[in-house]
Each structure stands twice: as C-alpha cells, then as structure tokens.
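Just the one chain here, laid out as structure tokens, in the form predicted on its own.
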Amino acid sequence: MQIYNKLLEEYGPQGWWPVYSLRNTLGRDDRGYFVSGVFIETNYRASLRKSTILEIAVGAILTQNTSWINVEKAIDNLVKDNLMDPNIILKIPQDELANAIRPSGYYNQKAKKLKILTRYLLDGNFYEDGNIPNRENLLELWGIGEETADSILLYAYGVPLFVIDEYTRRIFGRLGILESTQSYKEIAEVLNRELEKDFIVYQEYHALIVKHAKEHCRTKPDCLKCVLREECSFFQNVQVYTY
C-alpha cells in the first residue's frame, strides 16, 4: 500500500476502465474515463449496464498483444457501426466482425474469441445484476487467459482480483518484492494476500502500474526521476539508466 499511495500521489487517479460508449456521461470525460475523484463517489456497481459490461469484456480481448491506442480505434469502429451489442456480435458474420476490429491486430482470432465470450456471457445471464462469471469457467473458453479473465472480473464485475501483466512483473521484480519469473498464480496470491480486498484499489493500482511503467519504469528505466527509487533494489544495485 505504501507503493500504491506513492504512485497515486504522483499520478493521481487514472479512472480505468475507459468505456467509450459512455463518453461525456455523468462521471466520465470525453474519452470514457472516470473523471478524477468522481468514480470514488459514484455507485460504480449500480452504474454498470449491459453495454458497459460488454465493452469492458470486448476491450479485454482486443488489448491482447496490442496497444490501447489500437483498441480505441477498434472499439470506435464497433460503436460507430452499431455492433456493440451481444446479439449483433453473435449474428453478424465473423469476417465482418473481424474487419471492424482490424486496428487491434490478430483480428480473425479476436473475432472468434469475441463470439465465444459473448455467447458465454449471454447464455449465463451475466449481463444481469448480481450475476458474476466463474473465473474457472472463463478460463475454459478458447482464447481467454488469466490476465484477460481477471481484467473482465475486476473491471466489469468489481471482483477484487489483481491483474498481473508484464508491467506488474517488471515493476515488482525491480523493486525486489517479487521474482519476475514467478507464475501468474504465485504473483497474484502475494498481491491478493497483502492488499485490502477493495476492487477500486485493485483497479487503480493496476492502472497506476501501467502509467508508471510507461513514464519511468520502461525497458530501459528513467530511475533518477522515479518516485519509487528509494524502495527499488534495481536502483540501488544496478547501473542507473537516464533518458
């Protein structure tokens, strides 16, 4: 939590997950992010709609092996073409769906994944209030790995599961808290054990890690300006890169 508080003080609330179909609605900015501070006061769970859950799930698939900028373009296409609806995603030809999400890369595979995931969520009534997908069942779906499953559960359903990505491994590995070679499950168990079970904290922490990894803790890090340098084993023991 000390690391979380330092990152939060440095960067402020990140307001993830961006939901583009809710741009400029109550509590959202023009990109679909929660406005700083507002999301904490908003009844987040009650604000979730079918479109919101679907869009987060879609985004979790589309962000695989690509940058979020490309995901934005793909989601823009889906919203613009009125395809951001589970029934429409299931009905349209897979090649038409693939063409809409082309900016995200691997679009043929991702179109197939979207249809499989959408069918699962629809058949299980997981767009209805109070219904939450089972993590193990999500992992049984083709194309759904642990990071994708946990992203969906954390951001769409408010389940406090820490999302482990390459940035999480890099930052906590350099800090000396965890080994970057540890399995997803091993890292998640440590973080889920040590942090309070607050899904908003988990959401913010994940977003702040991504922000910090892009700003300072890059592949070749900018350690001298890093707010975590005093806690960092890498900074203390390895040659410092400055850029």
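Model, not experiment: these values are computed from the prediction. Note that residue numbering begins at 1 and tracks the sequence as displayed.
Missing here is the form predicted together with the DNA; even so, the following discussion is about that form.
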What I'd like checked is whether 109, 146 and 167 together line the DNA in the predicted complex, meaning each has a non-hydrogen atom within 4.5 Å of it. yes
Considering non-hydrogen atoms and a 4.5 Å limit, does the DNA approach residue 68 in the predicted complex? yes
Could you confirm whether residue 234 comes within 4.5 Å of the DNA in the predicted complex, counting heavy atoms only? no
Is residue 188 close to the DNA in the predicted complex, meaning a heavy atom pair under 4.5 Å apart or at it? no
Residue 52 versus the DNA, in the predicted complex: is there a non-hydrogen atom within 4.5 Å? no
Counting only non-hydrogen atoms, which stretch in 128 to 136, 81 to 89, 98 to 106, 115 to 123 is within 4.5 Å of the DNA in the predicted complex? 98 to 106
